[in-house]
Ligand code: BG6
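The data below hold one chain only, encoded as structure tokens and taken in the form predicted on its own.
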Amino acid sequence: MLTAADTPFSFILFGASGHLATIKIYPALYVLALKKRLPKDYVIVGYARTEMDDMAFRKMVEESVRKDMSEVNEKVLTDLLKHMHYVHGQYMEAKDFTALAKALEQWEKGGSWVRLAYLSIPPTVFTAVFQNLCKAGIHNKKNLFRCIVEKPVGHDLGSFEEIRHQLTDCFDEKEIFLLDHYLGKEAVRNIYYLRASNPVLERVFKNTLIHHVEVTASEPAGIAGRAGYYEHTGAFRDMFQSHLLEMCSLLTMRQIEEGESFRESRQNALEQFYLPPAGDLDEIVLQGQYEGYEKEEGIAKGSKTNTYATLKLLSRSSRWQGVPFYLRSGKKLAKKETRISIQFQPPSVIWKGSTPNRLDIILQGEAGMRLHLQTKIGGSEPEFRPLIMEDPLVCLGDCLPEHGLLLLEAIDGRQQWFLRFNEVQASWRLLDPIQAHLDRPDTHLYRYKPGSKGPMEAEGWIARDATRWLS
């Protein structure tokens, strides 16, 4: 069991002044320090184009941690900040990376360290960073090295293949860690382990018993000031290409030994998904945009960026063949929830009040498992009411924020919960035709009110399959 990093490391965060760093990475580093998961010797280096010195950088990190945490251990935070340094530089300038390399040599105090380069930056500057890491000797034979790249890797299949070529031209595949932070969430990992540890679930997860599967990731927040990122990606690229497809893969993958074969099985499950035959792609995908999106700072008037999407998929897997998977995600919706709902076939006899059985695996929001059964109420005639059995899926034991857990695993060289190149390739191949359809100027972009369930048209879209959204 992985408990802590016991190897000295240098963590170089490119994009250190960005949104992801302040809301996710710095709080995660604090939790690792609080839980005594960091070694005695380590260095955290922020690198960005923003002009800043060590003191200003540490102040920014401190504010990030205090904003995220309800309570702070002052001693732990003070010690963490002592390990933090800032380098102001350009991503295109080799001389700035040479200065970074010299600074690392001083901070690392000799010996062999693990060096981690975390790219929280636009893909347009990836090439320069990869090349400069190698040219400046930051990536060398003396130190173990990890290059961590956040999803989405590229914006389509072509750009992904280009990034893949650039990465493998600079680094060995064992040094490349493609990160989807959903795969660091304990609740998401539990999709697989609930099946593996409960044979009764695995036995009922097959097409003869299941009517359809609904995978939902909704959030009430908007774009949180990330206009530059969101205008380039939209809800479909942001959520479907990795997060939702990975959840589907964990639900349907073949149970396997852990390690590289686990990643291969997850990839194989993803490759089984395909787009249903349709005369018009509008039959299998629908997009929307919340009212007021155009008024967000940095958004151009008339923007066609989707903030909501829903997609229908099928799987060639023998156990899941013919079962529709309905995926949906959006911003400014009624509630924050990430959920997989598996609706079983209806009962053979429909009595008054009877409804199909359903299993909800709720990963975010009011996390838990909820099994919907039914029971007879009193009287001489059969009449039924819902019987709901539920239990919270609260993380107990060694619980860490997803970025913290994935960072520990990267330091240790564990790639099981990082993406394979072929996984990313498979997801782009599947979704590129859909994205091209959504980008067409004549494809409908339905409006919806903030705080609603999404576009009203989504109800009619799924009703064509004689189905309705489960909540």
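For every residue, the number given is its place in the sequence shown, counted from 1. Since we're looking at a predicted model, the values are computed, not measured.
The form predicted together with this ligand exists for this protein as well; it is not shown, and the discussion that follows is about that form.
The closest heavy atom approach of residue 364 to this ligand in the predicted bound form falls within 4.5 Å.
Among residues of the shown chain, residue 273 is not one whose heavy atoms approach this ligand to within 4.5 Å in the predicted bound form. Using a 4.5 Å cutoff between non-hydrogen atoms, residue 229 counts as a contact of this ligand in the predicted bound form.
Although the partner is absent here, residue 312 is not a contact residue: none of its heavy atoms lies within 4.5 angstroms of this ligand in the predicted bound form. Here the chain stands by itself, but in the predicted bound form one stretch of 330-338, 132-140, 388-396, 207-215, 330-338, has heavy atoms within 4.5 Å of this ligand. Out of the listed residues 219, 186, 161, 360, 219 is the one that sits within 4.5 Å of this ligand in the predicted bound form by at least one heavy atom. Contact with this ligand in the predicted bound form, defined as a heavy atom within 4.5 Å, holds for exactly one of 62, 402, 68, 432, namely 402.
Heavy atoms of every residue among 151, 182 and 243 are located within 4.5 Å of this ligand in the predicted bound form.
Taking this ligand as positioned in the predicted bound form, the only residue of 20-35 that brings a heavy atom within 4.5 Å of it is 24.
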